[in-house]
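Heads up, the chain below is alone and in the form predicted on its own; it's given as structure tokens.
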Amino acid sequence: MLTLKDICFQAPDGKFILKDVNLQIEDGQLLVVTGPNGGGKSTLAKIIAGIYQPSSGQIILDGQDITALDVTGKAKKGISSGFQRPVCFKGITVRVLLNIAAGRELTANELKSLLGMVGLCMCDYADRELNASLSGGELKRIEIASVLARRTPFNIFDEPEAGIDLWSFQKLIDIFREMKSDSSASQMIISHQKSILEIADRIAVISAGTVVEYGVPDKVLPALFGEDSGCVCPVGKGCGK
């Protein structure tokens, strides 16, 4: 379980990006964080991952205060992160990346299982280099496979749908649904997409640095979406799109 207590983050110019954020993500729970652009969602993800340090507040993972740890320390404690734009590593193959993520050499059956979970064939991808020859959707799925290989108790995905085609997006939905049903790990996804919000156990809406709405999808979604809208708006407002 991961608990955020009164998390604040102040920018160098004195502006508060996050103000007293309190959230609790239970074991095996899928939390989707959404809200308007500039609301502080990605900053919160970077704070949990250890890329940024909060100005105040606490991060508690399974009863242990990990607030002061950097990104390496938090990774060692069991936090994995997926980025909006997965990183390419020249000269590194998918097989090597997954071995590094797992911390050991994976068997052929383990590689087959990991890649199969994200809809990729081991024979076609295990020895592919992580470079521009892979599509955005392929890189996203390989990144998710690397997170799965780590078997960490808490995983963060920041706008996993960014920059991928519709077919790959539908595959991502299936992957997250399967991760939710088959894993005891907690997942936090930052997303604007209704299809991802609908599979959440809980939704947190962050606007202007604070949690303005929190609850189950049936409770939160009506406040976010108009009848035909596919865009998330600040609670209580409509975007007209």
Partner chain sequence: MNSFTEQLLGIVSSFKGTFHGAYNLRENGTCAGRKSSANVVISDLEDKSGISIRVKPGTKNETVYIPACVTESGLRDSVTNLFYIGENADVTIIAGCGVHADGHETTAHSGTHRFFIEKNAHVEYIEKHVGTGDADSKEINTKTEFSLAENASVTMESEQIRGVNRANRVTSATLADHAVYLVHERLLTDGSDSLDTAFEVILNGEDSKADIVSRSVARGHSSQRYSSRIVGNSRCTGHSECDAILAENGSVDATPCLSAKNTDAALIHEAAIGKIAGEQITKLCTFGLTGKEAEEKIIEGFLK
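So that the term is clear: the rigid core is the largest set of C-alpha atoms that superpose within 1.5 Å between two forms. Residue numbers count along the first chain shown, from 1. Everything numeric here is computed off the predicted structure, so don't read it as measured data.
From this point on, the text means the form predicted in complex with its partner chain, which you will not see here.
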query: Interface residue in the predicted complex among 51, 216, 60, 208, criterion: non-hydrogen atom within 4.5 angstroms of its partner chain; finding: 51
query: Proximity to its partner chain in the predicted complex (heavy atom, within 4.5 Å), stretch among 109 to 117, 92 to 100, 133 to 141, 159 to 167; finding: 92 to 100
query: Full three-residue contact with its partner chain in the predicted complex, heavy atom 4.5 Å, for 35, 42 and 204; finding: no
query: 4.5 Å heavy atom contact, residue 88 to its partner chain in the predicted complex; finding: yes
query: Contact test in the predicted complex: residue 155 vs its partner chain, heavy atoms, 4.5 Å; finding: no
query: Non-hydrogen atom contact residue 83 with its partner chain in the predicted complex at 4.5 angstroms; finding: yes
query: Its partner chain contact in the predicted complex: residue 76, any heavy atom under 4.5 Å; finding: yes
query: Heavy atom contacts to its partner chain in the predicted complex at 4.5 Å, residues of 21 to 39 in sequence order; finding: none
query: Core fit, then residue 166 C-alpha moves 2 Å or more between the shown form and the other one; finding: no
query: Residue 102: Cα shift of 2 Å or greater between the shown form and the other one (core-aligned); finding: yes
query: Is_shifted residue 71 between the shown form and the other one (CA, 2 Å cut-off, rigid core); finding: no
query: Note on residue 140-residue 181 C-alpha separation in the predicted complex, which departs from the shown form by 3 angstroms or more; finding: farther
